[in-house]
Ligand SMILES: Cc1ncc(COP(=O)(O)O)c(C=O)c1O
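Starting off, we have a lone chain in the form predicted on its own, written out as C-alpha cells.
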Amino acid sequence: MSEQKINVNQNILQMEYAVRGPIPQRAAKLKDAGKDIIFCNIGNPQALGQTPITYYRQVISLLEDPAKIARERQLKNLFEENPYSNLHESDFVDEDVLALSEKILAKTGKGLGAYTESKGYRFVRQAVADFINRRDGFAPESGLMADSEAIFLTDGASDAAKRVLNLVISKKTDGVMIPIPQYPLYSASIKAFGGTQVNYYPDEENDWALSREALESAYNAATAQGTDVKLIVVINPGNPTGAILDEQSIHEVIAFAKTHGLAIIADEVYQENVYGGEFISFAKALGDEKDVPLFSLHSISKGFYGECGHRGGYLEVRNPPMVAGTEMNFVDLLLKQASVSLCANTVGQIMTYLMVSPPDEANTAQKQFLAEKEKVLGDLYEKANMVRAAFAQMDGVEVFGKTGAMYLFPRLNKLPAGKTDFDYCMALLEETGLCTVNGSGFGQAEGTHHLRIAFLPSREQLEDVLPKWIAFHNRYVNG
C-alpha cells in the first residue's frame, strides 16, 4: 500500500450507513468463520430465499437471449407432435409470454444491450404514467394525468432520491427535513452533498402519525439557526418503522409544505407491502394543488417482486419549480443531470415496465402470476405476525403501527444500565446469529432504544431463531 496521502471529500468520510455498518460487518466475519447467520439487517428478499416471480424472469431471459423465443416454440411443436413425451404443457414458456417478449424487443429497437434515452425507454415511461393513473384514479378530464415526460427511469429508488437531493442542495445551510427514525440513505446523502439534516419526529405511540405541530417545531428550530429548509422527505410505508401513514398525516405534510414553500420527496417503494392496510399516494392526495413540487419514488426492489439486484425504479415529478437564474424548470435540469450517465441500466428499466404492467385477464400467464404474488405477500404478513408474537414474550418490548413495508421496529423499554441498543444488537448477533440493526442507526427520539428487523427469513428459520431470541432477550435485560 502506498504511503502517499490524499485529501478527500470530508462529507463522504463522515457519512454513516447503519444497514451496512458495524453489526452487519461483524455478521459477515462470523459467517466466514462458520457461524450460521440470518441477515435481517436489510430488505433483500431473494437473499433470504424469496423465489423470483416466474413471469418477470421468463421475459427478462428471453429479452437477453432472443433466439430462445423461436427455440421455445420449436420445442413445443415437437412436444405436441410426440404423444409419448413425458413433458407437459407447463414445462414450456407460455405463448403470451413469448409474444410479450417479442413486443418489448420491437419497442427497444436494438435489444437490451444499447443505450436508451436519458430519461429511459419512452414506452416504459408511458407504462409508468398509465400505472400511476390507474392506481390513483386519474381520468383524462381530471387534469391530473401523469406525464411520461416528467418521469425518469432510475437505477433503483435510491438513485432517484440522490438525484433530487444533489440538485436541491446548493450550500451548507440548505436544509432537508427527514423523519426520525429514517432510512440512512437520506442522512448519508444529505451529508455527502453538503446540506443540513433537519429532523422531525412522527408520533410513535400514535402509530407513527405526523402532526402539524411536530413539523412546525422542527422547521422553526432549523430556521432559527439559519437553515434554509427546502425539502421534506416522507417514507410511506415507513422504513424502518414499517408504519402505514394515514390520510390525515399525508394532508398535514402537503399543507405544511405549501405554507413554507417546500418540495416533497415521497418515498413510496413499499406501496404493495400494506397487508390489508390502505396505501394513499402523495400524488393522489396532492390532487390539483399546483404550489407544491412533488418527487415520487418507486422501485422493483420491494413489493412482492424483490428484484433488488436488478436496480430499477422511477422518479415522477409534479409541479416542477423553475430553476433560479435560468429559463429551465426542474425537469429540464434533471434531464441534464441524467444525460451525464447516459441512461439507467436497461434490465432494470424492463423490470420496471413489468412491475407497472402486470398480466391482465387476457394473458394466460396471469393465473400463475397472481398465485405467486399472493403467496409472497401472504408469507410476509404471516412472518411479520410470528415476530410480533415473539415480542409479546419479551420483557419491556413494544411495537407500534400497522404492519407495512418489510420491517418491524420494536422499542426496547428495558435495557441494563449503561447498555445501548447497539450493544443489545451486537450481543444478539453473537449469541443467536440474528443480524438486526440498532435503532440509533436510523435515529430515534432521545431516551428511547429500538432495533429494526426485516421479517424476510423463512418460517422455518424464524421458528428456530425466535425462541432463542426470546430467551436471550429476557436474560439480557434482567441480568
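Keep in mind the model is a prediction, meaning the values are calculated, not measured. Numbers for residues come from their place in the sequence shown, where the first is 1.
Below, we turn to the form predicted in complex with the ligand, even though it does not appear here.
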query: Among the candidates L185, A338, I169, A209, the residue which, in the predicted complex, approaches the ligand to within 4.5 Å (heavy atoms); finding: L185
query: Sole residue of S189, N239, N273, Q349 within 4.5 Å of the ligand in the predicted complex, by heavy atom; finding: N239
query: Contact label in the predicted complex: Y407 to the ligand, heavy atom within 4.5 Å; finding: yes
query: Any non-hydrogen atom of V269 within 4.5 angstroms of the ligand in the predicted complex; finding: yes
query: Residue contact check: G156 to the ligand in the predicted complex, 4.5 Å heavy atom; finding: yes
query: I232, heavy atom within 4.5 angstroms of the ligand in the predicted complex; finding: no
query: Interface segment, criterion being heavy atoms within 4.5 Å of the ligand in the predicted complex, picked from 200 to 208, 293 to 301, 393 to 401, 377 to 385; finding: 293 to 301
query: Those residues of 306 to 327 which, in the predicted complex, come within 4.5 Å of the ligand by heavy atom; finding: R311, G312
